[in-house]
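Presented below, as structure tokens, is a lone chain in the form predicted on its own.
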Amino acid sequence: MADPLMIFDILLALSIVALATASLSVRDQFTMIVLFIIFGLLSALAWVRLSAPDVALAEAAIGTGVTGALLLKTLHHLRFVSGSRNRQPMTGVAPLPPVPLGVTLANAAFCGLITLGLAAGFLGAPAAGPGFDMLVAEAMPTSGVAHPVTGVLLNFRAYDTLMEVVVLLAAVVAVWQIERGLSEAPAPVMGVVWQGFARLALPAIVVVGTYLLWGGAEAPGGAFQGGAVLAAMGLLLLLTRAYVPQPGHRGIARWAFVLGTGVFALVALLVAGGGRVAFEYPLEHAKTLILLIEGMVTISIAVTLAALFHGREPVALTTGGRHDT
């Protein structure tokens, strides 16, 4: 008798491939975004089946939830710029000229080479190699936390995590610079039902985000997952207009953007100044320092992702409808 879970895994894998193909080939932008969101949810489920709950949480929260919201916001802006926002059916921006055949073939060739390289690397990898499991397990008593993923991200490979936070900081700086000269599309008007949902969901989001942060030391979770969930609270506040960014809030936002990166780097410098290698935390203070870093990084991630969704830097309006930066 066939294993039901094996059948489920095969169907899940085929569904993911089909959704990826459909999201790349469909012509309607809104349909593409919906397919992308479904693709991300199924990918998160696939990571669960691969016994990688941390990656599944990150995929569901950031790769699907926040990224899907950013794509929808971008589509709303494009429709506003093209003047098609109030037309039915809403088909997005004006059709682009066809891509030259040579460009299409070149892209296909590059994609094929990348696919072959990945396949060669996968087939050439040892089927049951020892990996780094034993090394991580041996070092866990000195990591300051009980969860191996958190130990790797915040201790053994902390430089990688620091660079990920820096990338987010660079992204919001770029968005604030680029969107200064763009027309601002008005936010959609939300109904009473949506506002009622926000009032019920906001407290739950805060609890779940805080739990993911605190529980990350001993279970799946951590700063990126908790920060992404808390960013959803910011998106709800922005969508329902319960919070409207003001020019006077720019200073607070900027400090929040750099808080995680600054504390992360400061801890590394202080540890290195004490005669140790950067991020080689003293055992008696390791958990405290990791929780401090994760807490500050969570705040930065939440504020940064919400700011990316909002887009432009909050500025004052002057006469003539122009923005005074």
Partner chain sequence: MSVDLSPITLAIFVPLFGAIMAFLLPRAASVIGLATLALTTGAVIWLARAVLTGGAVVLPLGGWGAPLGIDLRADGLSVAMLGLTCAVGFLVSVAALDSLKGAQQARQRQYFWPLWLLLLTGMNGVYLGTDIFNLYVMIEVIALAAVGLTVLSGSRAAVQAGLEYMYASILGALLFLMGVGFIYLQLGRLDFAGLTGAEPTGALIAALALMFVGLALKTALFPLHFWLPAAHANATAPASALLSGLVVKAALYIVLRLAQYMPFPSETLLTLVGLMGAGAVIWGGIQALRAERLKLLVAWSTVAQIGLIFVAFARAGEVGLPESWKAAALLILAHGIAKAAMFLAAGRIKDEIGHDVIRDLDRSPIRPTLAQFTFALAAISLIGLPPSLGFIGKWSLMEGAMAAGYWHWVAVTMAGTLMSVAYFSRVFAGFLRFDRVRAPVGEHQGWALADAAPLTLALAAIGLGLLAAPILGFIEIGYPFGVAP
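Treat the numbers as computed from the prediction; the structure is a model and nothing was measured. Residue numbers count along the first chain shown, from 1.
The form predicted in complex with the partner chain exists for this protein as well; it is not shown, and the discussion that follows is about that form.
Residues with any non-hydrogen atom within 4.5 angstroms of the partner chain in the model of the complex fall in just one of 135-143, 214-222, 227-235, 241-249: 135-143. Not displayed here, the partner chain is kept clear of Ala22 by more than 4.5 Å at the level of heavy atoms in the model of the complex.
Within 4.5 Å of some heavy atom of the partner chain in the model of the complex lies at least one heavy atom of Gly262.
Contact check for Val206: every heavy atom lies farther than 4.5 Å from the partner chain in the model of the complex. Remark: Leu266 counts among the residues lining the partner chain in the model of the complex, judged by a heavy atom distance of 4.5 Å or less. Residues of 212-249 are not found to place any heavy atom within 4.5 Å of the partner chain in the model of the complex.
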